[in-house]
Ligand code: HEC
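First, one chain by itself: the form predicted alone, in structure tokens.
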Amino acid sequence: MKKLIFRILGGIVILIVALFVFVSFTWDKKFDAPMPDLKASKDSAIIARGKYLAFGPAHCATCHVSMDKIAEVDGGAIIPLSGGWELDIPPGTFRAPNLTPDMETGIGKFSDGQIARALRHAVKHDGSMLFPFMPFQEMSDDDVIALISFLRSQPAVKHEMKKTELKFLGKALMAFGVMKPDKPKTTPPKFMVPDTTAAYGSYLANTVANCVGCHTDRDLKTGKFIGKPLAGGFQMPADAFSEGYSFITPNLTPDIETGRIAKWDREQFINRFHSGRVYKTSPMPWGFFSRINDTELKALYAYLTSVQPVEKKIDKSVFLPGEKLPPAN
């Protein structure tokens, strides 16, 4: 009996060692993806559109500034996107890089095509993967060009950022192919003309502002969506920025009983965005979203009130320091 137990234990140890060795030697994958033929422009209107996206609906500045500057930028300051955001979650510690044109520490050494590929296919200049924090894969060619043009127009800031560091879980997800670069599910449009339609609102919610990314329940270990789109329930535990507060995203579908905005009219919806944040450390980038123009807010409202209603009650969305989040679904 003892021999059998030792054999079983020995087999388990061998499996653990084999798993560790396999992950250690196979996680650092390189990926091939096409390089879009999109070129930066010096046209002031195109640069202005890129700036609007970066400090408005696309909220690039939420992550690509140092953490001690986030509140300042959220409040309206315009500063170079020199990197600094850090997020520690089960797969690893993720850090946002310097996006200014500095040749040593920023994007100055990368081609327009390489930057476009990172946005469109989540593949970096060296072939490694960008983790799924940016939903820009189906962003229109014109908006990708606008963003690149704005990034090129910034002053170069020398700011060396530590690289993202994966923990064993993150490396295992890479090794076993669970985590792969996001890529366009459809052919991205050449351009999207801003208007008040639900179709344009869908573009904003799913491709630019990433409403669906936070207002859909997902597994923090793998990043995979596990809930119905826009029905809320995604838990955001306290982190270095939240001052002890934790959050659960509300249901944004038009379910009349459980949808947060189901009984709002369009004016109430627009006014809520313009009024900014209620909770200082809410993960919702209210400062950036308060800059979204009324045309695009009308489009967002049209889209969110047109999606399939989902009955999902979120009893509480804000948890004070010391309060425990309920068990995850």
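Residue indices: 1-based, along the sequence shown. We call the rigid core whatever largest set of C-alpha positions still superposes within 1.5 Å between the two forms. Keep in mind that what you see is a predicted model, and the values were worked out from it rather than measured.
Here the subject shifts to the form predicted in complex with this ligand, a form of this protein not shown in this document.
- Only one of Met134, Ala71, Ile79, Leu220 lies close to this ligand in the model of the complex, with a heavy atom inside 4.5 Å, and it is Met134.
- Taking Gly232, Pro97, Gly170, Pro181 one by one, only a single residue has any non-hydrogen atom within 4.5 Å of this ligand in the model of the complex, and it is Pro97.
- At a distance threshold of 4.5 angstroms between non-hydrogen atoms, Pro285 is in contact with this ligand in the model of the complex.
- Interface membership of Ile115, defined by any non-hydrogen atom within 4.5 Å of this ligand in the model of the complex, is confirmed.
- Though the partner is left out of this view, Met35 does not reach within 4.5 Å of this ligand in the model of the complex, counting heavy atoms only.
- Put simply, Ile47 is far from this ligand in the model of the complex: not one heavy atom of it is within 4.5 Å.
- For the marked spot (His121, Phe241 and Lys324), a heavy atom within 4.5 Å of this ligand in the model of the complex is absent from each of the three residues.
- Just one listed stretch, out of 152 to 160, 191 to 199, 172 to 180, 210 to 218, contacts this ligand in the model of the complex at the 4.5 Å heavy atom level, and that stretch is 210 to 218.
- Within 4.5 angstroms of this ligand in the model of the complex, the stretch 250 to 281 places a non-hydrogen atom from each of Pro250, Leu252, Arg260, Ile261, Trp264, Phe269, Arg272, Phe273, Tyr279, taken in sequence order.
- If you fit the rigid core between the shown form and the other one, you'll see the Cα of Asp88 move by 2 angstroms or more.
- Residue displacement note: Met174 has its CA displaced by at least 2 Å between the shown form and the other one (rigid core superposed).
- Trp286 shows a C-alpha shift below 2 Å between the shown form and the other one [criterion: core-superposed Cα displacement of 2 Å].
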